[in-house]
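Below, in structure tokens: the form predicted on its own, a single chain.
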């Protein structure tokens, strides 16, 4: 029976559905990222406006006139197309602080005293314009957030130690599963995934007592050990699959020419397994870098950077634009790490070397 070719209309419908699906998926991924980036550059006043601006303004327009308490400061609102009063005070320092903290004016804003002198000379109102400091939220995040810089360094240490522990133990176990045959190998290989079936908080709670007895509570090494529990299981499966795909005959051939078993592994198998090891390292890094719940339970005075960002969003500071700036700053190390190992990841996925 001859199969009929799909009609042109059916092809058009299938193509349309496919492109709609891809477009929806792309928008679903890119829109939250765009929103986070844009929010991190908004001033405090813009971040709490309705509707929320899609893009931060590069400058702000001001109006200065006399008020009941002193000088009346107004800011131009693009949505309402009018100046809105924001402050009435006779203290010039208070006015400068407000312009920097709420509107995002740079630290070298136009001299307010000159504007006041212009106002008192008879020009009422006085209009002026000042550019915005787009990096103000990032500057304020690291200044007002408790322990931000030490937490950033601490998180990098924890992620690095997690990678070392996961690759060393998980890599050796993966090699053993791939090269040696022993009773219960398949059952043992499957059982290592059991630990990933439990929520992180379920493991973190009993680990508080264990780490306290070991002297590792509220220490980077303690968090690294906890994070490595789940990363080792995933590393075992990734590396075992990679090592099984590398013929053992290559190692045997190297040993025929005088290499030891370790030298054969180091010079033959290890370079071929680098894509899988890079993938395991990426998962270990991302898991340790983004973990928040376990870090909240297992730290008290030495929080990770993820905990600091979380506390910024829910704590006393409570500025959503500062939390967005912290979240974007938190994403930068992950992007940098992935950029450096992209060549090996691309090889694992069957792509060309970049």
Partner chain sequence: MKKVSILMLIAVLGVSLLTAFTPATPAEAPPEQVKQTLVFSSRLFSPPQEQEYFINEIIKPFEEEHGVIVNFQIIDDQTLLDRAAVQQSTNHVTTDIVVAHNSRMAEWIEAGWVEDMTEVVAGWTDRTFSTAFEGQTHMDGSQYFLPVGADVYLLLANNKALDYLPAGAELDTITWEQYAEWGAAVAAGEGEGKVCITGIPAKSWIYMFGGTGLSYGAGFPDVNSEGAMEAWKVWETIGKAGGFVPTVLNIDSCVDPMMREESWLTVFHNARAGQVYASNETAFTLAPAPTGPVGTGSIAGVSGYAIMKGSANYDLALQFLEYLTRPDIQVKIAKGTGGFIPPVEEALEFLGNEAIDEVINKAVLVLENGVVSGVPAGDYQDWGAVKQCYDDIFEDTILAGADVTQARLDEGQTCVEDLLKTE
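Think of the rigid core as the biggest set of C-alphas that the two forms share within 1.5 Å after superposition. Positions refer to the first chain, counted from 1. No experiment lies behind these values; they were computed from the predicted model shown.
We do not show the form predicted together with its partner chain, though everything after this point is about it.
Student: Heavy atom within 4.5 Å of its partner chain in the model of the complex: which of 92, 130, 119, 274 fits that? Just give me the one.
Tutor: In short, 274.
Student: Tell me, out of 72, 126, 152, 112, which residue has a non-hydrogen atom within 4.5 angstroms of its partner chain in the model of the complex.
Tutor: It is 72.
Student: Should residue 320 be counted as a contact of its partner chain in the model of the complex, where contact means heavy atoms within 4.5 Å?
Tutor: Answer yes; at least one heavy atom of residue 320 falls within 4.5 Å of its partner chain in the model of the complex.
Student: Is there a heavy atom of residue 135 lying 4.5 Å or less from a heavy atom of its partner chain in the model of the complex?
Tutor: Residue 135: no, not in contact with its partner chain in the model of the complex.
Student: Even though its partner chain is not shown here, does residue 40 get within 4.5 Å of it in the model of the complex, heavy atoms only?
Tutor: Contact with its partner chain, no.
Student: Is residue 96 close enough to touch its partner chain in the model of the complex, meaning at least one heavy atom pair within 4.5 Å?
Tutor: Residue 96: no, not in contact with its partner chain in the model of the complex.
Student: What residues, if any, in 280 to 308 have a non-hydrogen atom within 4.5 angstroms of its partner chain in the model of the complex?
Tutor: Counting only heavy atoms within 4.5 Å of its partner chain in the model of the complex, the contacting residues of 280 to 308 are 281, 296, 297, 299, 300, 301, 302.
Student: So with the core overlaid, does the Cα of residue 40 end up 2 Å or more away between the shown form and the other one?
Tutor: No, because once the rigid core is superposed, the C-alpha of residue 40 moves less than 2 Å between the shown form and the other one.
Student: Comparing between the shown form and the other one on the rigid core, is the C-alpha shift at residue 157 2 Å or larger?
Tutor: After core superposition, the C-alpha of residue 157 moves 2 Å or more between the shown form and the other one.
Student: After superposing the rigid core, is the C-alpha displacement of residue 59 2 Å or more between the shown form and the other one?
Tutor: No.
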